[in-house]
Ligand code: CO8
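In structure tokens, the next block holds one chain alone, the form predicted on its own.
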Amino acid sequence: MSYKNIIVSTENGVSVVKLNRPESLNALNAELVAELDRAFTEFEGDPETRVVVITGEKNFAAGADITNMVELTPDEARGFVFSPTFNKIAACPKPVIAAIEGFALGGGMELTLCCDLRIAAPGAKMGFPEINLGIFPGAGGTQRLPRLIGASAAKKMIFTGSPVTGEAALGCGLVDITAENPLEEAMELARKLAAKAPIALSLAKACINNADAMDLKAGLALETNAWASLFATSDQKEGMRAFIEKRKPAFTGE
């Protein structure tokens, strides 16, 4: 499938999505987000894709394209919001890693929050400047950010609109790893994950993603059922036999 605003490549189980609007610092517009939506629909059904890495050309994404938003009515703004696609990315059954360089602001930062893991350059600039435009993050920022770093820290970021560096983001848990070359680090991690059992990864992700929405009893029941179901997979047999035989497992996703 061809794209105009993103570049997609797949090799050795890892699909890389590169946001490709460098003239606008990869600012998100409706066309780019629609292409992300199509790409993730493809990834879900593609057995060759075991892990997805999202990155950007020079910058991750400097927010949404404001030029298309100024005169929106409330009803038009509701239709413009990126949440359906971002929710699809968050729910992707495969691990998703963000590799962040340069700016990750506004909607670009919200896109990173949809990913399972975030790797940033120490000097990356990350934040939510929407308050300075008379709005606030509207594609999951007020919901995903406090779940990640706590309510008070999230309020400080969103209320002030002040960005933080990748190094500071590591300190508050906003990113998981800092690296001078985030994409290289993300690819190394992605290749490791691509060698794991795909069904087990998918079910583990689903259980973790649902933890906040369930009480402990319901969450434990979900976990037990998902865990037990893995014993119907060939990968479980292969993994345990490989352990006993002291060799590396060869998982097939079956």
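Heads up: residue numbers just count along the shown sequence, starting at 1. Quantities reported herein were computed from a predicted structural model and do not represent experimental measurements.
Another form, the form predicted together with this ligand, is not on view; read the next lines as being about it.
Contact annotation: this ligand lies within 4.5 Å of heavy atoms from the stretch 122 to 130 in the predicted bound form, the single such stretch among 150 to 158, 122 to 130, 87 to 95, 180 to 188. If you check this ligand in the predicted bound form, you find a heavy atom from every one of F80, G107 and I135 within 4.5 Å. Contact check for A169: no non-hydrogen atom falls within 4.5 Å of this ligand in the predicted bound form. Although the partner is absent from this view, G63 contacts this ligand in the predicted bound form, with a non-hydrogen atom inside 4.5 angstroms. This ligand is not shown here, and in the predicted bound form it never comes within 4.5 Å of any heavy atom of I54. Looking at C114, you'd find every heavy atom of it more than 4.5 angstroms from this ligand in the predicted bound form.
With the partner removed from view, the residue among A195, A211, M69, A221 that has a non-hydrogen atom within 4.5 Å of this ligand in the predicted bound form turns out to be M69. Counting a residue when any of its non-hydrogen atoms is within 4.5 Å of this ligand in the predicted bound form, there are no hits in 179 to 205.
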